[in-house]
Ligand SMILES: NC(=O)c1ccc[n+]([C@@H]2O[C@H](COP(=O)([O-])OP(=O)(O)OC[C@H]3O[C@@H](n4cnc5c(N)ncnc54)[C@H](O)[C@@H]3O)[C@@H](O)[C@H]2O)c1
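The chain that follows stands alone, in the form predicted on its own, written as structure tokens.
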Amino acid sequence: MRLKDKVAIVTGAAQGIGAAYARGLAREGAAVAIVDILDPNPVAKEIVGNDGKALPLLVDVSDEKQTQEMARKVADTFGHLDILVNNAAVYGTIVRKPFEEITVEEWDRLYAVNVRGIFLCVKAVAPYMKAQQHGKIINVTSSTFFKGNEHFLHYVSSKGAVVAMTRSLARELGNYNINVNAIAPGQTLSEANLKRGEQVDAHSLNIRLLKRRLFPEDLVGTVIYLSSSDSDMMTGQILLVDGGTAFH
């Protein structure tokens, strides 16, 4: 129960990796806001059914009014706000293509969630964390940033922006005892990657030093660590969890 009495927000938590983060935080004692544009109720009900605390919230993280209301509802419901996991991202619907074929509309839509969404969520929770003089912000980037995957320019560059934001936010928020770090997962067998087929997974296994598949549950321990007092003197850092496909 390393997170007993803590309150967390996990975006993109209705399924896949985000749902795994939410379940893991709840198991450690945190009350968790399940935030998504998809129905957040099934994951919230599962957590409550396992004697946890959860608040389902339908939120588009690219909308400033919605993110501000999200933070207010969580603080009003649970009394405070300690942890933000910025997991929501456009990924599963991406069709990989040469960069010349990426439209401006595709680029802007992806950046609205993957970059602006993190900016707006941090902007929404920062006043609550500043007021209490502590907080943990965990951004989700990707090992693709460290490798420069081809035919994926808008996604890879958006995850590079997450690394940059993590470092700058850590400097701005350090005086308030707010830790800002990031996790960089490798190819993970979430719903989106399962739909992409065995070929994608086989390629990842071929270049991975640890020769087994990576599942959402493999990422949870790192997020719990970054959410807990175990990482109190760590900020502005990026932790790669990819079985050894990239080094940083």
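From 1 onward, residues are counted along the sequence shown. Source: prediction; values computed, not measured.
The protein also exists as the form predicted together with the named molecule; that form is not presented, and the subsequent description refers to it.
Proximity to the named molecule in the predicted bound form holds for all of Gln15, Val59 and Gln187, with the criterion being a heavy atom within 4.5 Å. In summary, the region of this chain contacting the named molecule in the predicted bound form, judged by heavy atoms within 4.5 Å and restricted to 129 to 137, 97 to 105, 173 to 181, 81 to 89, corresponds to 81 to 89. For the chain shown alone, Leu38 is a contact residue for the named molecule in the predicted bound form, at least one non-hydrogen atom being within 4.5 angstroms. A residue is said to contact a partner when one of its heavy atoms sits within 4.5 Å of a partner heavy atom; Phe146 fails this definition for the named molecule in the predicted bound form, lying far away.
At the 4.5 Å threshold, heavy atoms of Val113 reach the named molecule in the predicted bound form. Interface residue remark: His154 is not counted as part of the site for the named molecule in the predicted bound form, having no heavy atom within 4.5 Å. Contacts between stretch 136 to 150 and the named molecule, counted in the predicted bound form as any heavy atom lying within 4.5 Å, involve Val140, Thr141, Ser142, listed in sequence order.
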